[in-house]
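First comes one chain, alone, set out as C-alpha cells in the form predicted alone.
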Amino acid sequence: MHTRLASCIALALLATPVLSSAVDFSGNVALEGRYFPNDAAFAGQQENGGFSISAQPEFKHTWDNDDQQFTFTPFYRWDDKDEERSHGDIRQLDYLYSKGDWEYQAGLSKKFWGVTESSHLVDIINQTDAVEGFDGEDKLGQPMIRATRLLENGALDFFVLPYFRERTAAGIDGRFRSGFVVDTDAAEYESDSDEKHVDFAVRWTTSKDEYDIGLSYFDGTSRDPSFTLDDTTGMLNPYYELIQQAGLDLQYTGESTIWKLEAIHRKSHTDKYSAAVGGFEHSLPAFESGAEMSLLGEYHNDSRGETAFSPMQNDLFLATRYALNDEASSELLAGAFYDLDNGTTSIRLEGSRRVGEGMKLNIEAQVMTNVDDNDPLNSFAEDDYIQVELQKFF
C-alpha cells in the first residue's frame, strides 16, 4: 500500500508542472504533542504520550476561465510511538470540469455530508482515518467519479466509487484501541470483489427560505467494520459487509437558533436499523466586548439500543461554544456526552487561536468518567488525554 501511495504521489508531482507553471501552492506543517495522565490499560501501549509531525501541502491549478481545475493534496504523519500512526495518504488528487449546469470530478477526493455537531450519521462517502484523532473527523481520500447537476436552489450529485479504502487502526503501541490489536492486513469482505467492489451513491440538496435539506442513498461496502478474533494471531480481523443506507439531513436557521437533524436507515444481510441525531445551536446576545457564546444540545438514538456497536445509542450531548471575535480568532468548545442508559460520561474540550504570522495553536482534551463495563467506550476508559498542536500555514 505504501509503494502504491508513493507511486501516485510521484506521478502527480511529475504531472503538476506539465499543466502550467502557475500552480497555487498552500498547506501546512504541524507539530503535535499528546499527554496521557493515566497508565495504559493494555500491554504494549505507550505510556504518558509522545509527539508527531505532519505535513499537508496543496497544489492547485485552474484554467479555461476556471472551468477546469487540478488539485493535489498529499498528507503524511510521523509518530514517535505508534508505527501504525506513521502513515501517508492522498487526501485529494482530482480533476474538476464545470460546464453550464454540470460539474464532473474524477480522482481521489473528499466529500462531506452532515449538519450536526457531535456526529455525522449521513457522512458515508469517505473512510475514517482513525489513527488521526479520537473524534473520527479525519477522512481518507476516496477514489470517485462524480457528476453534479446544479439546480435552481440546490444540486443533484451522482457518485461512482470504484475502490474501497480500509479504515486505519492503532498498532500495539497506540492508544485508543481495545485489548486486541486490529490486523489491518487481514481485512475480509462480504463482496467477492473485496476492495474492488463498485459502490454507488446519490444525494439531492436544496435550500428554501430558512431550510436546508439533503436526501441521500448509498449502496456498497460499509465504511464501519465489524471484527472477528483470529485465534491463531490473537488479533482482530476487520470485516466489511455490503449495505444500503438512506439518509436525511435537515437544518432550519432561525433568528438566534439553528435546529439540526440527521437520520439514517441502514440494512444489510445481517441487520436492519435506524439511527438519528438532532438538536439545536442557540446564540446568546453578544457581549459588550464583541465576544459571542452559543449553547448546543443534541440527542442520539439508535434502534438497536445497547446492542449497537456505536457508543451513542441513547446519549445526550451538551456544549457551549465561545468565540472572542478578536484578531487571533480565538475559539473554545466545551461539551460532554452522557449515556442515558448507563451513565457513561465523556467530557471534551477543543480550542484554537492564531499565534504569530501564519501560525495556529490547537488544543484538545478529553476525560471519561463512570465508564460502564459494557459500554463501547470501555476500552478507552484510561485514554484521557491532552493534545497540543502548532500549525504553520504557507
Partner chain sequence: MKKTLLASLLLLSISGAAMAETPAEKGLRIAQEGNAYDDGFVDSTSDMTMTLKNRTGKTSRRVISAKTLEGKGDGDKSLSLFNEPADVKGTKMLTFSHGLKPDDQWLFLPALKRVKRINSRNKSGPFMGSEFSFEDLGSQEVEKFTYTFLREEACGEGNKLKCHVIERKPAYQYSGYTKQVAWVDTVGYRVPKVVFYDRKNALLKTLTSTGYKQFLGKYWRPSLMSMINHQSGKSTTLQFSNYKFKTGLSSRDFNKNSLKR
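What you are looking at is a predicted structure, and each value in this text was computed from that prediction instead of being measured. Positions refer to the first chain, counted from 1.
Absent from the display: the form predicted together with the partner chain. The rest refers to it.
Just one of Glu210, Asp219, Asp271, Asp194 comes within 4.5 Å of the partner chain in the predicted complex, counting any heavy atom, and that one is Glu210. This chain is drawn without the partner chain; in the predicted complex, the residue among His265, His87, Arg321, Arg167 with a heavy atom within 4.5 Å of it is Arg321. In the predicted complex, the partner chain stays beyond 4.5 Å of every heavy atom belonging to Arg348. The closest non-hydrogen atom of Phe309 lies beyond 4.5 Å of the partner chain in the predicted complex.
In the predicted complex, none of the heavy atoms of Arg77 sits within 4.5 Å of a heavy atom of the partner chain. In the predicted complex, the partner chain lies within 4.5 Å of some heavy atom of Phe112. Although the partner chain is omitted here, in the predicted complex all of Glu137, Leu151 and Pro285 have a heavy atom within 4.5 Å of it. Per the 4.5 Å heavy atom criterion, the partner chain in the predicted complex is contacted by stretch 250-258, the sole one of 271-279, 226-234, 250-258, 194-202.
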